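Read the single chain below, which is given as structure tokens and is the form predicted alone.
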């Protein structure tokens, strides 16, 4: 059963007569479809879409309120590549966090979230029939973005039993003369995996050797646990001319609804990507850009309000990660999982015989009133798994799993898939 079956199961059949093939072949991801279905089910608790429960911090919202009172320009278009002062602040931030020197004039543009940056980057470098290598499982929207660009997603399975490790030899084996790019989300959505510097360097070396583009989705770069650190592909200087790196303010500052992010790439690539950005968006919302600028002004890498907010956010999400893992440990007849090291998702394997990921997600929605996301939309090896987000409050996580446990007691699913060996 594929992801599009979610619509068919509730009576929605798409009429694609006269619709362009590049649109007809893609679908809205299950990440967004499940909350739509849940909107008709009263009393649901969401462990689905990746939305942190925290509000945008007041030092951002108060700054925007003041600007709305005093600055007429905030309601108008910005320059197409973004507010110059925001680009300068982003360049400074990248220098502090990645140790790189960035020209804000030529090597950055401000986007409508990391999603637009990724889509614009793919549309810029991918032509019909080009192959793009992806880990599997991977973020579902990346697949749709490649298909929309008329490229071909080629999936390389992650090594699940080793904490969803990158299979570098697998990537090398999957390459053909049609391979044009590699797309990596790191830290990983949906698995929460943190890839090793050694594996990322090896993949980058192959990309440079074969002159492939590397598209890096680093929206969760700040969100790692257990004293670990995030290794950014931007730190590999040899990769710079091949790299398109995309970032978001959504996660670090709880600004999911503001829709603002940015791309870092060589000046040559930014110049071309801006053509796509202009055609589809003109510019990111000026008010959101001002909010992002306010966030960065309050973040100095040490003791700013932004720094303190992000530290509290990581600490809170770490506690929620431990809670969700404790609940999963009590459901060993239902799930086997790898503990996430980054982001705020866990991607357990389903152990119940004859239950697919869509089947389970819909049963949890309608019977337990818990929103999750079926794994089949995340690539071929996503089937047989389900994604839970721990962005919800601690109370909501506890209650959601109490509902799942009660639901599970009423079932009679024989266990069929052998659990993975846990560390």
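Quantities reported herein were computed from a predicted structural model and do not represent experimental measurements. Numbering follows the first chain given and starts at 1.
The same protein also has a form predicted together with a small molecule, omitted here; what follows describes it.
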{"query": "Heavy atom contact within 4.5 Å of the small molecule in the predicted bound form, the stretch among 267 to 275, 128 to 136, 348 to 356, 246 to 254", "finding": "246 to 254"}
{"query": "340, 81, 113, 151 - the one with a heavy atom within 4.5 Å of the small molecule in the predicted bound form", "finding": "113"}
{"query": "The unique member of 259, 297, 320, 230 whose heavy atoms fall within 4.5 Å of the small molecule in the predicted bound form", "finding": "259"}
{"query": "Non-hydrogen atom within 4.5 Å of the small molecule in the predicted bound form for each of 334, 372 and 386", "finding": "no"}
{"query": "Exercise: residue 118 in contact with the small molecule in the predicted bound form, heavy atom 4.5 Å", "finding": "yes"}
{"query": "Residue 217 within 4.5 Å of the small molecule in the predicted bound form, heavy atoms", "finding": "yes"}
{"query": "Partner contact for residue 182 in the predicted bound form: the small molecule, 4.5 angstroms, heavy atom", "finding": "no"}
{"query": "Contact label in the predicted bound form: residue 189 to the small molecule, heavy atom within 4.5 Å", "finding": "yes"}
